Structures are given as structure tokens and as C-alpha cells.
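A single chain comes next, written as C-alpha cells; it is the form predicted alone.
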């Protein structure tokens, strides 16, 4: 038997924080690829440390629903899962090595996968998010696209994931312009219209769930609204540009595909589940040479 465990941060204050995690778990569960699909959290129940005790399967694949490699994915989660000393095969992503361990207290083989945010398939989810907010499956011609991250001097990997996906999408040539912007470092999303010549700009925040940053900070910082409680238009007019603000990329249904991709890379038998999820969610397919 094999189980999938999706782990996320969660929140004591924002009830919507865990909603995408539950929804993606439901999508994967419907494919039948795993005997069990469960979720675990840092700030909600079941906790990272207890989640392995909630499954019966002897092979467990743990996928972190996090955007970048950093403190949680490299230290907290492996420690709480008791796999911090066992390193497995090299992962295709630079700087990441999936870990495999057998915590004695649960008698299971645990495959700890890389975070979803650094996987190549996340580029497809970003593009899908642009399609969703514009209502146009061919969106790109005449449009600019910005991928927005938090950015922080404390973790340089926070910016790397944003820039990586912006570069990949730019290379596809679908959008007229593609930029990586940040909340807490240059170039800043506050000045989004300064970086684009395109009249229409899609703004996709690379966050797992909608919360304080995506629903309050970013809309106000961009000038979409002077008070997030009043809401904003989509698209909104800012300095002569139409801003199509999508909200957190992690709420896009295609995220379930990235979860499956991560598990499959670590050795999980997912059958045709990846194809199934892409068909169910209208998944974006990259060019043949991507």
C-alpha cells in the first residue's frame, strides 16, 4: 500500500489557509493513485509530527505544499517527520535532495519529496492561473505577465523560485513581457506599471493560499484599491494599464498535478493520474520542446 501526505503551513488565524491543501488532496484522491491521501500542517491538525500515524500504508510519499526551499522544507518538516538524517537519490532540481527514512516509531518507509513551488510544472500552473483570471485560454498576445513573490534577504531561495518560473515562461514566448517582482525586495510590485509597456498585465502571486499578503498588501500596493475591504475591479485601471490580478497561484486546481509529479519523481506509482488531473483541470501543456 502507498499513501500520499500533503503537508502545508496552515494557520490559526486564517481559516482559508488550508482550503487549497484540502482541495488538492481531494483531487488526487479522486484519481485513485494512492490507497490513502491525507494532509498535515504546522499550525493545524494533524501536526507534521503526528501525520504519519494517521496512515496505514507502509510506503508514504510526503509532498510539501510550499513555494521555495528554505527553513521549513529543509529543516522543520524533515525533523518532524524523523527523516532528517536519511538522504536518498539526487533530485533534478538544483540544491534539492529528496530524503528517505524509516522512522522507528511508525515502522514506515517515508519518501520526502521536494516542494511543489520549485518543480517545473509550476510554470504551467502560473500560465493556467493567467487563463483563469482573464477567462481566455489563449491569453498571451498583447499581454504582460508578472510572477510575484514575497522576497526576503533572510532566504535567497525565496526569490530564486520566482525568477526561475518567470524565466521559463518568458522563454516560451507566449506573453509579450514577463517579469519577476517582489513585495520586500527590488524590483517591487508596488511599481508594477513601471516595468511594462503592455496595456494589459496579468499579476500572479506565487503563494500557496490567499491571505494577508495576497488579499490586502499586494492589491493596495499596486494601487488597485485604497482599501482592500472595498474590493477591486478585475481588470483594474492603474496608471493607464489594465491589471488582471489573479490571487494566489496555489488556489489553482492544476496544483494537484504538481503534487503528483513530485510524488512520481520519488518513486510513487501514480499510473495515469497526472494525465487525468490535467484533463480534469484543463491543464496547460507546455510546447513540445520545453
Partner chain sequence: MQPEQVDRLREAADAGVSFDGLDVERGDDGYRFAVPGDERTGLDADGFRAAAADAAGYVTNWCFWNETAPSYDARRSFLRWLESADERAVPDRYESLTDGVVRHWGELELTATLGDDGHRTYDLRHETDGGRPVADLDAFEDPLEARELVTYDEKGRYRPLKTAPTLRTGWVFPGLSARELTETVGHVYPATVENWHREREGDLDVSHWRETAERQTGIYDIVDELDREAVERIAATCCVDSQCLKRREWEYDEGTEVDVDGGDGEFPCREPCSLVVAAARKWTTLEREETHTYEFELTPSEKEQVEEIIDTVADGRTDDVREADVYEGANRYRARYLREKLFGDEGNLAGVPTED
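Worth saying up front: this structure is predicted, and the values here are computed from it rather than measured. Residue numbers count along the first chain shown, from 1.
The following text describes the form predicted in complex with the partner chain, which does not appear among the structures shown.
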item	value
Proximity of residue 232 to the partner chain in the predicted complex, heavy atoms at 4.5 Å	no
Close approach of residue 200 to the partner chain in the predicted complex, 4.5 Å, heavy atom	no
is_contact(residue 263, the partner chain) in the predicted complex, heavy atom dist at most 4.5 Å	no
Contact test in the predicted complex: residue 71 vs the partner chain, heavy atoms, 4.5 Å	yes
Triplet 29, 42 and 50 all within 4.5 Å of the partner chain in the predicted complex via a heavy atom	yes
Listed residue that, although the partner chain is not shown, lies within 4.5 Å of it in the predicted complex (heavy atoms), from 279, 16, 269, 272	16
In the predicted complex, the residue from 106, 183, 133, 139 that sits within 4.5 Å of the partner chain by heavy atoms	106
Heavy atom contact within 4.5 Å of the partner chain in the predicted complex, the stretch among 201 to 209, 188 to 196, 76 to 84, 164 to 172	76 to 84
